[in-house]
Structure formats: structure tokens, C-alpha cells
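One chain is shown next in C-alpha cells, namely the form predicted on its own.
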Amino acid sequence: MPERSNQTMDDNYPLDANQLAHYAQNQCIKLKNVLTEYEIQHYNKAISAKVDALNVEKRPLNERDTYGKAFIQITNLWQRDDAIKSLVFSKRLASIAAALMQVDSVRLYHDQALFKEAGGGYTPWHADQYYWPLASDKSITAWIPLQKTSLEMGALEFSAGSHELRDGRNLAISDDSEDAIQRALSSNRYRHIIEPFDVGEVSFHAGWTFHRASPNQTDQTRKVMCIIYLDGEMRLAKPINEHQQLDWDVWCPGVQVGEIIDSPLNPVLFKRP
């Protein structure tokens, strides 16, 4: 195991002008060495143990629908384990989110472990913000692989610049979204980014950026932790589908439409001095 570094999870990860410009144009970016190998192994152990303890999905893959085959999903692990909380609440990651979104502060929406089992199915094209009752587009997800992640394992793929596309925004994750969004992306000639992830590499993508992942063709589980950040001034929008209503009830307790999403589950994780 690699030696522990002198870094803390609140250390700064500086972004240069080219990286900021890349994200502004494409609304997605992959960043090398955001986490050390020691940190990845540490959080892999903590998150894997908690997912194993909390996972209630016992059906074989061939008895699940497309969504169920795509991944095991366990949410808000920060509430259940202090070691995991140190990752979710880290200023290193939250400050990257703030810089990329060009906002003064970010707050937590929620976290989720996404474990694609060996032999697990594909994750269809979709945009996350279909599920979120948010009043602006200032949302971003950190996608954190807990191991080196090859294309065969199901590395995340992006359609660069697709946040501009309106077609497909009304589609939940499904076989239909895969087909319809693929046609829309192809006809608009958005660039498809499909690359493996090194250990410690983390991607960030906006809520309206379309993305997908291929099936896991290996004999190992693809383990990923996601942290979803909002602009610190984000306000709750009136839900326009049942998924957004559920998100309001679960992730924004007590917040009313039009109010800043400032519930106990949505603390500010970073604020510029």
C-alpha cells in the first residue's frame, strides 16, 4: 500500500485558465491526480464496506430492468460513516466544483455510491438534472472512481457541449433514453469523450451534460463514488415530474419552492474568502 501523504482533504487543487475554459465550453472535464493512491484505497475500503452492509439488491442481474442492471446505488453515505463524510465534505473537491461553476460557494445536494457489478449492464444516455428540482443550471457532479477504470469496466462517457441540447431532457434513464438521446447527439455532432480513468483521476460534469457508461465486461466490480454540488444560492424549483417531487421530499426537507436549498442535508461545503 502506498504511504500516506502529508495532504489533507482540505488542501487546494489549483485549476489553470485552460482547464476553466475547457469546462466552460464543454461542461465536463477529467482531472488527473485529484486524489492520491493512498486516499483512493482508504475510501475504497470504507465505501465498499458500507455498500456491502446497506445493499438490499439480491436479485440476479438477469431478473432486473435496465436501471437495475446498471449499478447498485446507495445514497448519502456521509450520514452513515465519518470516514466517508471526510471525502464528501472535503474542501479540495468542493473548491474545484465552485471554480468550475464560477460561483462563490457550493452546498451539498447528496452523495451516491454507484457500483457496477461484474457483468452489469450499460448506463443509458441521460442528463442528471432531469431528476432535480433546481431553479438554475449551476449543478455539478464529481465522479470518483475507486480504482483504475478501463472502458471495459464501464468508465463514464460524456457528450462534450451537450448541455446546450434541449432534446432528451425529458427522459429518465432507460433503453428509450439511450436510443433517443444517441440520435439527437449524433445529429448535432457533439464530441463523444470516451476514455479510461487513472487512479486518482476525477471527472466533473454539469447537470444538463449528457453522459453514459458501457457494460462492465470484467470480473471485478466498478466502484464509483459521486458527490453532487449545487451553487450555494441555488433555489428550489417547482417539480415537473415525479422524480423531482421525490428528490424534493428526500434531499431538500423543509425547503419551499423559491427558497434557497438550505436544509440540514444541504450544508455549504466551500465558500470563497
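Note that residue numbering begins at 1 and tracks the sequence as displayed. Because the structure is predicted, anything quoted here is derived from the model rather than measured.
Absent from the display: the form predicted together with a small molecule. The rest refers to it.
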Checklist outcome for this item: For the small molecule in the predicted bound form, the stretch among 25-33, 239-247, 56-64, 207-215 with residues bearing a heavy atom within 4.5 Å is 207-215
Next on the checklist: Under a 4.5 angstroms heavy atom criterion, identify the one residue in I84, A97, L134, L156 near the small molecule in the predicted bound form.
Outcome noted: L156
Checklist outcome for this item: the small molecule in the predicted bound form has a heavy atom of only one listed residue within 4.5 Å, and of S90, S139, S177, T123 that residue is T123
Checklist entry - Taking heavy atoms and a 4.5 Å cut-off, does C226 contact the small molecule in the predicted bound form? => result yes
Item to check | Any non-hydrogen atom of W143 within 4.5 angstroms of the small molecule in the predicted bound form | outcome: yes
Checklist entry - Heavy atoms within 4.5 Å of the small molecule in the predicted bound form: does L185 have any? => result no
Checklist entry - Is L108 close enough to the small molecule in the predicted bound form to count, meaning some heavy atom within 4.5 Å? => result no
Next on the checklist: Counting heavy atoms only and using a 4.5 Å cut-off, do K69, E117 and F197 all touch the small molecule in the predicted bound form?
Outcome noted: no
